[in-house]
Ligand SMILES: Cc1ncc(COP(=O)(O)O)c(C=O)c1O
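Before any questions on binding or motion, here is one chain by itself as structure tokens, the form predicted on its own.
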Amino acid sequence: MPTNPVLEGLPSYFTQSLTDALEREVLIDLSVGDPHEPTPEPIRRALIDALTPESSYPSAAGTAELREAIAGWMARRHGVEVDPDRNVLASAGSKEAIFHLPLAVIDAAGPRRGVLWGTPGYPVYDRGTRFAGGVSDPVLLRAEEGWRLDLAALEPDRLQRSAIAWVNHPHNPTGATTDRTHLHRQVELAREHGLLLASDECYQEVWFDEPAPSALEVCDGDLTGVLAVVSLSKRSGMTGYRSGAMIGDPDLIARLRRLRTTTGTASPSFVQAAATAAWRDQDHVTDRRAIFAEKRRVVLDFLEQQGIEVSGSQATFYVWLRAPGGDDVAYADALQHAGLLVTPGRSFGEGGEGWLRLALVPTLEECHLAVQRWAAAIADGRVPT
């Protein structure tokens, strides 16, 4: 049987090996970004109330109520007024939106097939590009540069070969943040070179010192050539609901609408009802952020006591640390034998070697237990320092 060579050439997704480890052993899971905090009750109630005796096809674009709720959130949270019909499109989470975006942008037979993205980074930028017939063009990110992708540092011909540039702040896996000045410069450069600036803002609501900005804030009211991808997964504890949105350039939104009616990708109507409730409420987001802050403090205090270097980690519920001894895989293996599951940095591509990502997804009590296990393993020599 014929096989798509892109699929054959992909390595296993990094979460699979972590899932396999959890099935074999009883571990405290600090690996996959799926927090244990429950989805708020009003959101769950909205889903239940929306279940009807008859089942109908859901809206591929998102119901009018959902798109209005997303637009309302964008205005309240970021001070950006968007048209629910022209600038907003619902998605089944941010992952599928990121994966499918190149299908609406890249001409696989054209001269501009490149997609720029920062590495270490989210693997789906690369995978979506390949399946769309594009050329994945990762840009090495560095700790000394704040783990930021800066289009100004790239050669002009590299920009001219590209169709999309992805920025991601707060950044997965490092938790690094950016500011409005940096984002504004990326928007200017992308427009200057005819690129789509795509901003992955999945972790935008998990901030601690100051609110994370959106790329749409720095567009001076003109969203041409800019798209923000947002999600309820982290913001509202809805990873299993698969609900997010794309907001930005009206011509691109129209193109993506056509694509999505072809692929049939849409969250069920009852999920869209729950999402509408989630976008309309901010209080539960504040409560969740306070919980993440408590867990973060437990882990950061421990790492400081042990003299382990932390980089980035200003936002998200991730902590990015340099692996003692320099080998991220070896250190992750040692922690697994101590009862802790973490992700080696190289799972996120070039530039992640020698680093580890901790996901603060267990409960606060489990985070306390995790650092106790870690400290004991250091004390008896099972884990190096």
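Computed from a prediction, not measured in an experiment: that's the story for all the values here. Residues carry their position along the shown sequence, with the first being 1.
The protein also exists as the form predicted in complex with the ligand; that form is not presented, and the subsequent description refers to it.
Chemist: So in the model of the complex, does residue 84 come within 4.5 Å of the ligand, heavy atom to heavy atom?
Modeler: Residue 84 lies outside the contact set for the ligand.
Chemist: Is residue 178 close to the ligand in the model of the complex, meaning a heavy atom pair under 4.5 Å apart or at it?
Modeler: No, residue 178 sits far enough from the ligand in the model of the complex that none of its heavy atoms falls within 4.5 Å.
Chemist: Using 4.5 Å between non-hydrogen atoms, is residue 233 touching the ligand in the model of the complex?
Modeler: Heavy-atom contact with the ligand at 4.5 Å: present for residue 233.
Chemist: Give a yes/no on whether residue 122 approaches the ligand to within 4.5 Å in the model of the complex, heavy atoms considered.
Modeler: It does: once the ligand is placed as it appears in the model of the complex, residue 122 has a heavy atom within 4.5 Å of it.
Chemist: So which of 314, 172, 186, 272 gets a non-hydrogen atom within 4.5 Å of the ligand in the model of the complex?
Modeler: Answer to the contact question: 172.
Chemist: Quick one: from 202, 141, 90, 228, grab the residue that has a heavy atom within 4.5 Å of the ligand in the model of the complex.
Modeler: Result of the distance check: 202.
Chemist: Is it true that 78, 214 and 280 each have at least one non-hydrogen atom within 4.5 Å of the ligand in the model of the complex?
Modeler: The answer is no; none of 78, 214 and 280 reaches the ligand.
Chemist: Of the listed stretches (110-118, 233-241, 189-197, 156-164), which one has a non-hydrogen atom within 4.5 Å of the ligand in the model of the complex?
Modeler: Selected range: 233-241.
Chemist: Who in 340-369 is close to the ligand in the model of the complex, meaning a heavy atom within 4.5 Å?
Modeler: Nothing in this stretch is in contact.
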